[in-house]
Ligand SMILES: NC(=O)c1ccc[n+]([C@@H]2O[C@H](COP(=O)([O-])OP(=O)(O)OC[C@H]3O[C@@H](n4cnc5c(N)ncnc54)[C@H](OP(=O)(O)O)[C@@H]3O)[C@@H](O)[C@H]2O)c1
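The chain below stands alone, shown as structure tokens; this is the form predicted alone.
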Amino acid sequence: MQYRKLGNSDLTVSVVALGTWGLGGGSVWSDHDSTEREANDLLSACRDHGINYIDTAPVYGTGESERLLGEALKGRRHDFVVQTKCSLNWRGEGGNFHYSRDGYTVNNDTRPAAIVRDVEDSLRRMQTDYLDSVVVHYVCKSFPVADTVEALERLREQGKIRAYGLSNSQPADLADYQRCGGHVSVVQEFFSILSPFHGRAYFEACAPHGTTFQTYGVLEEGFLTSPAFPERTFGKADIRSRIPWSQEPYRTGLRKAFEAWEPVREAHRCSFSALFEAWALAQYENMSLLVGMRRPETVRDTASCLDVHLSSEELAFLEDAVKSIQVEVLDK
């Protein structure tokens, strides 16, 4: 495993990070509900392969992901850098409507009182007295950025959080937070070989501040893991039913791309997952690879991507195969 500082913080994190959206289950991940035993085994596998960086959020299963992680972290909290999020809550205390799902109405609220309450709720669910990093889940223009920054800085001074970042944002949002005195250590944004545009636009904004770019969706919720995956079907509420490559003409284009990619995969003796994780890491020097994982074998395979070294010609060839089906905006 490789390690680096998380942006301008003093946190040392593994380049590969564990994403736990799927751990929360619910209708958005309709094929599996995780157990405490599975969460425990997942963290053990991460520790075995040197992954110390864990990402979660209150709305992943409306608290379930955080609760499961809290149980699994008992006795080994200091082995991991734990990152959760704020701004999305289902307390019914105001903010902007974000979505309704599984009987809950979730609002986006970046006002100071909501940020503080989010952190307190996460501390309780994960049974810890500090959070290593807190990410504003969805940047919101309805409330003053300066107030949000002040709340995050106060929480950092109090020792309840050690660093903070932004997600689902734009480069201009990072500039706004920095201009208001913020110390944004990480931006977490979607980025993959099938949808690279937003990420590439953000790299230039991150560099002057030393901000880590953390990619999510690098495997497009499984659609880049194997040629068979795009043939699967999912319920309407499942996030994977909204992925463009589950529909024509994208599905046929992806099928052809897999055929083109196969010789490269064979040459490196790796999985398709590791191939595209290695592709992503080669795109930007200060990249954190956030990958959703629910099984120990997936952890092992993901860690192996660091052993895949692609030439500039291979990097270009892999992307050329999907130029015609790349998209700029995703519904996630």
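The first residue of the shown sequence is 1; numbering continues from there. This structure is a prediction, so every number in the text was calculated from the model and none was measured.
There is another form of this protein, the form predicted together with the named molecule, and it is not shown here; the text below is about that form.
The partner is absent here, but in the predicted complex a heavy atom of Leu219, alone among Leu219, Leu123, Val145, Val139, sits within 4.5 Å of the named molecule. The single contact residue among Gln178, Ser195, Asn107, Thr225, judged by any heavy atom lying within 4.5 Å of the named molecule in the predicted complex, is Thr225.
Segments offered: 66 to 74, 280 to 288, 52 to 60, 262 to 270. Contacting the named molecule in the predicted complex at heavy atom distances within 4.5 Å is 52 to 60. Not displayed here, the named molecule is approached by Met293 to within 4.5 Å at the level of heavy atoms in the predicted complex.
For the chain shown alone, Ser246 is not a contact residue for the named molecule in the predicted complex, no non-hydrogen atom being within 4.5 angstroms. Taking non-hydrogen atoms only, Thr212 never approaches the named molecule to within 4.5 angstroms in the predicted complex. Proximity of Thr20 to the named molecule in the predicted complex: non-hydrogen atoms within 4.5 Å are present. Every member of the trio Gln188, Thr298 and Thr302 reaches the named molecule in the predicted complex with some non-hydrogen atom inside 4.5 Å. Taking the named molecule as positioned in the predicted complex, the residues of 162 to 198 that bring a heavy atom within 4.5 Å of it are, in sequence order, Ser167, Asn168, Gln188.
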